[in-house]
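Given as C-alpha cells, the chain that follows is alone and in the form predicted alone.
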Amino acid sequence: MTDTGPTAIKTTVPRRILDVRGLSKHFPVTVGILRREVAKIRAVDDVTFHVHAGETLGLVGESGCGKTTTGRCLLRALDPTAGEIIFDPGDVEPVDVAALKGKALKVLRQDMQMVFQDPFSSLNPRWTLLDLVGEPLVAYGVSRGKALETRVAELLRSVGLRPEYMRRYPHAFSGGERQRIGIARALALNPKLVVADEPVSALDVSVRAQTLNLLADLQEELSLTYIFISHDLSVVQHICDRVVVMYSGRVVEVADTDDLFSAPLHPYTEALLSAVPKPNPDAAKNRIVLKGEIADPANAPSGCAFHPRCTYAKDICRQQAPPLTTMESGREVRCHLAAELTLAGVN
C-alpha cells in the first residue's frame, strides 16, 4: 500500500467581488470664458483596494478625503479619470466597470446599488412609495401592475414598513423610515453589492442602531456585500469587517477592523481613533488634535500629503511620497515610519 502522506488541509479563499486598481478621479479647474484649464483637483488619486464577497468594507476619513467620490466612481455615477474597477458577480465573467458603456452598464447596475446619505433629499416628494420603490422594477421591465405592487409590498416588509404605506408620500414618514424606503429601493433588483454612503449620519441617534441592525440582518438574509462609507468610526467598528482609511484622495491604511482599532499603523489613523467616544466617562482622553487643514487636492504638499499635520514627520516624509506597502502581517499602509512607530488604538 502506497503511503500518500498527510491529508492536505484545504482553505477557501474568499472571492473578490470587487477589485479596484489605480482608481483616480480628477476635476479640472478652469478660468475665463474659454474655460482654460489651470489646475486639477485630485479628488481620488491612485486608489487600490478589494472587497470580498459577503463582507462589509468600511471607507473612512475626514470630509473632503475622497471617500464619497470613490463610492460614486465605483457605481459609475461619476466617470473615473483612470484605473480599473473589476466586478465579479459570481454568476458571469468579471467585467471592468470603468470601461462599460450604454446597455452593458445599465445591465450591470442591477447588481450594484447605492443607499444615499440624506433620506430627505434622495426621495422625490411627489412620488408615493409605490413609485419610489417600484421605479427600478419598471425601468428594468421586471414587473408592472399587480406584480409590481406585490413586489413593492414584499420589499417594504423586508425593511420593517407596512405594505399599506405604499400609497403614501415621503413627507408622511420620519427620517429613519425614509432611510428604510431608500434601502428598500436599493434592494429592489436583488443587487450583490450595495454602497452605503453615510447611511445613518443624518438620522437621530435613537434610530441609528435600528438602521444598522436592519442592514446587518439584510446582509445575512440576502448574502449582500457592503461598502460602508462613514466618518463615524464607532459605527464602522460595529458593522465593518475591514477598513480602508483615506486621506487627501489616497488610501493610507487597510486592515481588519479589530487590528486597525487596537494597533493602527498610520499616524492619521491614530488621530482619527483618538476621537472615538469612550463608554467610560472617567477614562483618560488622549485626543490628538491635528493642526491645519486637510491637504489641498489641487495643490498637494511635496512628499507625504499628511506630513504638515504629522507630529512624527521626518525629512524623508517631506521629500518622498511613500508607497502603499504591504507589511509582514498582511496589512497595508502608506507611511515611511510604519515599521518603527508604536501608535495608540482604542482601548
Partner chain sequence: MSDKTAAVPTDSVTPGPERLALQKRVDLSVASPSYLMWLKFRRHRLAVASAVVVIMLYVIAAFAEFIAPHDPEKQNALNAYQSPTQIHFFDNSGQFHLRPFVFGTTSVRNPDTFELEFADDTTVRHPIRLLVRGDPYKMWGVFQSDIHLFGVADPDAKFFLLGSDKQGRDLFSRIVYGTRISMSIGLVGVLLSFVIGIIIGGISGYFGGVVDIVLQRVIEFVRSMPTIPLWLGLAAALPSDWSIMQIYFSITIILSLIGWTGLAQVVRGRALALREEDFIMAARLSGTSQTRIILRHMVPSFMSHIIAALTLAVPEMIIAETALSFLGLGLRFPAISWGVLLQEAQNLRSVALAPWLLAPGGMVVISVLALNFFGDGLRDAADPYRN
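Numbering follows the first chain given and starts at 1. Quick caveat: nothing in here was measured; it's all calculated off a predicted structure.
There is also a form predicted together with its partner chain; it is not shown, and the following applies to it.
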Would Val152 count as a contact of its partner chain in the model of the complex, using a 4.5 angstroms cut-off between non-hydrogen atoms? no
Answer yes if any heavy atom of Gln113 is within 4.5 Å of a heavy atom of its partner chain in the model of the complex; otherwise answer no. yes
**Asked** Should Ser122 be counted as a contact of its partner chain in the model of the complex, where contact means heavy atoms within 4.5 Å?
**Response** yes
Quiz prompt | Non-hydrogen atom contact Ala77 with its partner chain in the model of the complex at 4.5 angstroms | solution = yes
The stretch from 80 to 88, 160 to 168, 221 to 229, 93 to 101 that lies within 4.5 Å of its partner chain in the model of the complex, judged by heavy atoms, is 160 to 168
| query | in the model of the complex, do Lys106, Trp127 and Ala139 all reach within 4.5 Å of its partner chain through at least one heavy atom apiece? | reply | yes
